[in-house]
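Below, in structure tokens: the form predicted on its own, a single chain.
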């Protein structure tokens, strides 16, 4: 009987709890977003949400948040992303802006109209709105 209860408890747990969230300022008009739209924003294929100019921001370098975002949301390896931006450079399209730390990304999103980025869920507070979790 105990094994049966343990199995039921394990099956009721979520398969994968989200670790990160794509966020905007709590003052933003942007609500929830589908993953395809987020991907287009971070690959600079889309720069407006309605009338609002969207400003994507990444952590600089190999931050774990960035690595997981590239893998799970963009569905691309770092090499694929680097090739993508080299090819787009010749069309005058530059990659999203970067910030040196997750704390500076949070502050950037809070203060820049239209900013969108991603952070560990435990960094999200009332100043931010989650538009997607992964």
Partner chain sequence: MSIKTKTIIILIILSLTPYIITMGILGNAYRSDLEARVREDMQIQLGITVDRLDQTLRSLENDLRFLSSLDVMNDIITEDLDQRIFNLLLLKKQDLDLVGDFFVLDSNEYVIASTDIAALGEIYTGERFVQFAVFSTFDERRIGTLLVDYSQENLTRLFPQTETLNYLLLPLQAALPQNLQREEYILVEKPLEQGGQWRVVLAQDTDYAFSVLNDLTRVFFIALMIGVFAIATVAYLIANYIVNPILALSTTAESITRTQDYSQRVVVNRADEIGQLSIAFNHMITGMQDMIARVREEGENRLKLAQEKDRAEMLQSLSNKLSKYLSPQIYESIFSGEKDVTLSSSRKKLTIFFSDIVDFTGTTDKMESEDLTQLLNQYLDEMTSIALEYGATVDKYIGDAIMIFFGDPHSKGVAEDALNCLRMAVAMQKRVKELHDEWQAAGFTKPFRIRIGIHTGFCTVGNFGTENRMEYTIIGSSVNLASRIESSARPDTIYLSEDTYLLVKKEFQCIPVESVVPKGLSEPLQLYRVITEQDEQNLIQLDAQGVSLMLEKSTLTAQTRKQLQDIVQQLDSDTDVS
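Just so it is clear, the structure is predicted and the values come from calculations on it, not from any experiment. Positions refer to the first chain, counted from 1.
As for the form predicted in complex with the partner chain, it is not shown, yet the points below apply to it.
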Among 62-70, 48-56, 77-85, 28-36, the stretch whose residues bring a heavy atom within 4.5 Å of the partner chain in the model of the complex is 48-56
| query | Do residue 18 and the partner chain come within 4.5 Å of each other in the model of the complex, heavy atoms counted? | reply | no
Using 4.5 Å between non-hydrogen atoms, is residue 107 touching the partner chain in the model of the complex? yes
How about residue 93: is it within 4.5 Å of the partner chain in the model of the complex, going by heavy atoms? no
Those residues of 118-134 with a non-hydrogen atom no more than 4.5 Å from the partner chain in the model of the complex are none
